[in-house]
Each structure stands twice: as structure tokens, then as C-alpha cells.
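Listed next as C-alpha cells is one chain, alone, in the form predicted on its own.
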């Protein structure tokens, strides 16, 4: 069933009021009259400084006469959706241009709240997209034949491992699911708190990330509730309880805890997002290159081409943006072939799979791993639910968590997942 605007706003409001005490703040503040002539660019806090610097140093205002104010958007999906629902219902938007993630992209595009961008995208920009980025764009940034978001980063699930540990034991890095399953006997020492692998599997999107990754390796999409999801769930459960590869307590851990365990010398290998590259290098007394090596992920039943997936953040323009025309000019400036590679100077947040960016990035730092994965042909797109992604994530996480904590059987988990996905 299609998610109408009225139903979407109602369900979003209910989810936000249930999930955050700050919802009232956004409701009380988002409808105030905005007298500023500055284009409001809504970004997350961790990227704000880079945005302010690049807007200033690349000379957008000098070239166009348009001033830009970088403003902070809410951190969580529910908070941002609540803010957008309330303001758009009032015929306005707190942002003229917004930097947002995949889950937001699905919700806002299906609600019809984003302006089409195709007229703003020149052919030289399209030609700058690699096949991998174009595939992600078609899956995640286009709806009903229109483009509603342009990615500025291209984030992969990378596979990190302790080369020093593998070298000291004289064993090869695992290349398949079966190889991974054998690593519990090699590395896990429960008494010392050391496990072969780890993951942040706490609910609220962390669990779904890993489940999407493993199900992709199995050849499917978890939100289709097919045999690939069943194989993924069984594999994860076996890693925890049969092979002693992964600590069952991962189901209660977030990414910070996962990363801390790795840096505390308790993990031999794991999947993690690219931000882990910078996290490890902040621990200067601990860090050396052999402790944090990025390799190709182990191959699952679907073969090497489905070893990992790409996701990312990008820019979109709300249909009710108060300064719509000026926002269009800012978007064209940011996505241009001339400026896109320049953004990387300010942050890895702007590392993506455009030809101009990859050519300008060189071979140092994280880019060498991105190129390695692209050259290996192992990158696919992130699985999604085509209409109600955020709700689908919540439902599938609840069921998977129950199974991975032995509260229900695999058969019951699959039956419940199929039923809930059908209802969506």
C-alpha cells in the first residue's frame, strides 16, 4: 500500500513522539517566520566546519552574490522527519538545501517533499559518475523517473583486520564464509575477552546495516524476506553460538563500543564504515599500519560481486524551500565537475566515486581502499524497502534481535518477517 502524505506525517509524528523527548522543540520552532535572505544549508554537526570553510574558500558568495548559512539539522532520522513533516505541512522548510542519508531519502522522496533535480544536472556531471555511483543513484536517488538527491560521498562497508595477528599465527586471511567460521578456534579466547570478530548490532539501524551486508553476500535483500535472509540469519547465529567467532554481546553494542574493543586488542577482524580509518589513527600510541589493514571482504554464497555495498549521503532541495532559486544555484555549484574534487580537500566526507574525485584524490589514505574495492568489482548497492524503508528497518531489527538472542526460532523469525514486510 502506498504511503500517502497524510499517513506518512501521522506515522512519523507518532514515531518521533514515542522515540524522542525533543520532538516538541522542533514543533515549536520550525514554523517561525524566517526573515533571513541567506540560503540555509542543513548539515550534520560533524561536517559543519568543513562546509563553512569550503563555502568561504571556494568563493560561492563572491561568484553569485548569494550568502549561505550552514545550520545544524537533527541527528536522528525520526527527529528530522518530524521537523520536516511539521514545516512542510505549514508550507515552508527549515532548509533550502539539505544533506541527508539513505533512510531520509526514501522517506522524503516517497512523501513527495523533494524537488526534482534533473534540470540542474548538466551532462558533464552525469558523465563524471562511475558505473558504481550511477547504479547507486538509480537505486537510492531516483524515483518515478526523477532525480531527487545527488550523492557527495560513497561509503562502503569495509573489512578491517589485524595483519600482525595473522602474521604471528602464520595463517591466511579468511576469504570465504567458511574461512571466517573457522577463525573462532584460531583467535577467540573468552577468558581474555578476545573474539575473532565483532560488530555493533544494537537496534536503531546498526543491526540492519550488518544484516543488509550479510544478506547481500547471500545474494538477496533482507526486506524481501527470502531464503537469502534465512541463510544470513543462520550464518550470523552460527558465528555467535556454534563457531565462537563473534561475541553474542554484540547485540547490545554500538559502533563506538565495537571500535573500542578493536583498539583494546580484543578483535582480529570486523566490518566497519570508513570513519574507522580516522578513529584508529587518533590513538597514536596504539596505532601502526599492521594493526588496521583493509582487505577484501570474505565471499559469501552470491560470489565476489556481492561482497559489500555502497551507501552515502547527498544533497536535495525541499519543494517548499523559501529560497528555492538560490538553493538551485548552490547545488549546481557543489556538484559541478570543477568543484566536486575540490571538496575532498576539506573532508573525507566528500569522497565519492566520481571520475574527477578519484583522479584528484591520488592513492593515499582511505581513497586507496575505495579504489581497491571498485577495481575488484565487489561493490553492489545497499538493499532497501522501496516505500517504507525506515519502518521496515525497525521491524526487521526487532525480529532479528529476538532470533539472535534465542528468544524465537529461525522458522518463527522468517514467518514473522514475511508477514510484517507484506503488511508494509
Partner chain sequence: MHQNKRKAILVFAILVAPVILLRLATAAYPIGQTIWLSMTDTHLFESEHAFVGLDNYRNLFADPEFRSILGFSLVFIVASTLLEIFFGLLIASLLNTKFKGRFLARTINLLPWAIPTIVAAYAFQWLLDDQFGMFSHWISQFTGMRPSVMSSALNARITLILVNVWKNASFMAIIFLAGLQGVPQELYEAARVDGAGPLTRFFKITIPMLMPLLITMGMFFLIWQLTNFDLVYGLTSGGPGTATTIVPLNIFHEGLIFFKFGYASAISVILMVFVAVLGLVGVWQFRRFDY
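Positions refer to the first chain, counted from 1. Keep in mind that this is a model prediction, so the values were computed, not measured.
This next part talks about the form predicted in complex with the partner chain, which is not shown.
Asker: Go through 395, 385, 52, 38 and name the one with a heavy atom inside 4.5 Å of the partner chain in the predicted bound form.
Answerer: If I apply the 4.5 Å criterion carefully, the residue I get is 395.
Asker: Given that the partner chain is left out here, which of 219, 74, 248, 322 has a heavy atom within 4.5 Å of it in the predicted bound form?
Answerer: Checking each option against the partner chain in the predicted bound form, the one that comes within 4.5 Å is 248.
Asker: Which one of these stretches, 290-298, 163-171, 184-192, 119-127, sits within 4.5 Å of the partner chain in the predicted bound form when only heavy atoms are counted?
Answerer: Correct option: 184-192.
Asker: Kindly confirm or deny that 78, 252 and 420 each have some heavy atom within 4.5 angstroms of the partner chain in the predicted bound form.
Answerer: The answer is yes; 78, 252 and 420 each reach the partner chain.
Asker: Residue 204: heavy atom within 4.5 Å of the partner chain in the predicted bound form?
Answerer: Output for residue 204 is yes: heavy atoms within 4.5 Å of the partner chain.
Asker: Using a 4.5 Å heavy atom cut-off, state whether residue 306 contacts the partner chain in the predicted bound form.
Answerer: Contact with the partner chain, no.
Asker: Is residue 390 close enough to the partner chain in the predicted bound form to count, meaning some heavy atom within 4.5 Å?
Answerer: Yes, residue 390 is a contact residue.
Asker: Can you work out whether residue 198 and the partner chain are in contact in the predicted bound form, taking contact to mean some heavy atom pair no more than 4.5 Å apart?
Answerer: Yes - in the predicted bound form, heavy atoms of residue 198 and the partner chain come within 4.5 Å of each other.
Asker: Could you list which residues of 257-295 come within 4.5 Å of the partner chain in the predicted bound form, counting heavy atoms only?
Answerer: Heavy-atom contacts to the partner chain in the predicted bound form: 257, 260, 261, 264, 266.
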